[in-house]
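The chain below stands alone, shown as structure tokens; this is the form predicted alone.
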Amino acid sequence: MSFDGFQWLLMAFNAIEGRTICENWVLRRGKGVAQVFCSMLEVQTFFKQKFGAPPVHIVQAPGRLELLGNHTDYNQGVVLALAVDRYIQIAASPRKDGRIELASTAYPDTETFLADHIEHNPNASWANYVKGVLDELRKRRIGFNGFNAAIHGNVPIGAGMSSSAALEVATALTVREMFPYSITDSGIGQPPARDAKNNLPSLNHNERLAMAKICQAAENNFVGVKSGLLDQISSLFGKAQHAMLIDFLNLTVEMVPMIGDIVIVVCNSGVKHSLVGGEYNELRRECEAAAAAIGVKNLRAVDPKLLNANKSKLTERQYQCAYHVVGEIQRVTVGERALRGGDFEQFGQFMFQSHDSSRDFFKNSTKELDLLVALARKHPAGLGARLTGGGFGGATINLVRRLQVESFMADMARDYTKQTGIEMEPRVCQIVDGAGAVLR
């Protein structure tokens, strides 16, 4: 939908009850588009309730699914990723007193602080992802003043779809809308000018990459998770009906068509993960230690032959982690060829192999994730399945035959609940474009 269409309908919401609009959109445009629009109405309404006036800006950033390439990003490997139709939205307006006030539909209390005094609040850890981005912008001498912001979204928290990166990207875009800035790896550029419709120019490739690095730095430095760039790049670079082939050694992004009689289904195990807990950082240390012991900069430089030749130099845990990463990089390479050839059955087998490696070697799966993959493997509609995201809980991503998707979801929900007692509702995810502004 165009920006003008969204803006007109959001303005219309001030005069017409939102539920009626949403119901009409479900009928006219389909459930997926209606969900996005209705979410926009919700964040606008929430902002007005909290701050007494409509917002000036609304931006949204999608969550992501890692299609193939588990923990290969910080090893300078390759990943196939998708931006999907689960979003974090931020509605915002500037204020003049230098204070920043954050409100979220997911948490009861607001968080207020001075724009030039950003620090942790243990009672509002959810705000660290916003504060971390603001802190990184300050370090780069990007100026901003106070503002009000309302945060809303439907990216499941702790499901491995990267709600945190979506929030970081949405924060960086929100600041850009209110206090226009341009930044690249070489420094601050000339602030972008608005056009006749008050729109800022779209981010180019280098600007998106620089913004992704700012958001990654926020998570690394302020939040304390030593994550790679996968989540932020996926949220910023996504393209509808395409997978992104992201090369983290050369920092390139190529689009691979994902068009065929297939559907992406997410099955949330109901076991939330929290990467701040330390498991993610520990896996990264093991991978880096393995590379150092072999004598290379990163595991991207290692193939199976070299790994086996140096096995005696590694601890058992270092070898297990390296074995997974080296194999996963190879699976992404051959998986890309399968996708370009439209061979979804072969690609699905690479997904199953990926999960087996996560379970047996990298050890970032759980019994619930293993069960979900096992159920998908035996279903006639299940082409492929694997855990997605950091692991230790969260969700599986499933490649499913389109004509059998309803039976797949019904059977998965029934069998998983029967064996675990956990209610699980599979969700179809559409592949969408990356982050941007929808109201200026």
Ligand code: GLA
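Being a predicted model, the structure only gives us computed values, none of them experimental. A residue's number is simply how far along the shown sequence it sits, counting from 1.
There is another form of this protein, the form predicted together with this ligand, and it is not shown here; the text below is about that form.
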Kindly confirm or deny that 70, 74 and 389 each have some heavy atom within 4.5 angstroms of this ligand in the predicted bound form. yes
Hey, in the predicted bound form, does residue 80 get a heavy atom within 4.5 angstroms of this ligand? no
Is residue 350 close enough to this ligand in the predicted bound form to count, meaning some heavy atom within 4.5 Å? no
Check residue 230 for me: does it contact this ligand in the predicted bound form (non-hydrogen atoms, 4.5 angstroms)? yes
Hey, in the predicted bound form, does residue 126 get a heavy atom within 4.5 angstroms of this ligand? no
Answer range among 60-68, 46-54, 408-416, 376-384 for contact with this ligand, defined in the predicted bound form as heavy atoms within 4.5 Å: 60-68
Listed residue (319, 237, 280, 222) with a non-hydrogen atom within 4.5 angstroms of this ligand in the predicted bound form: 280
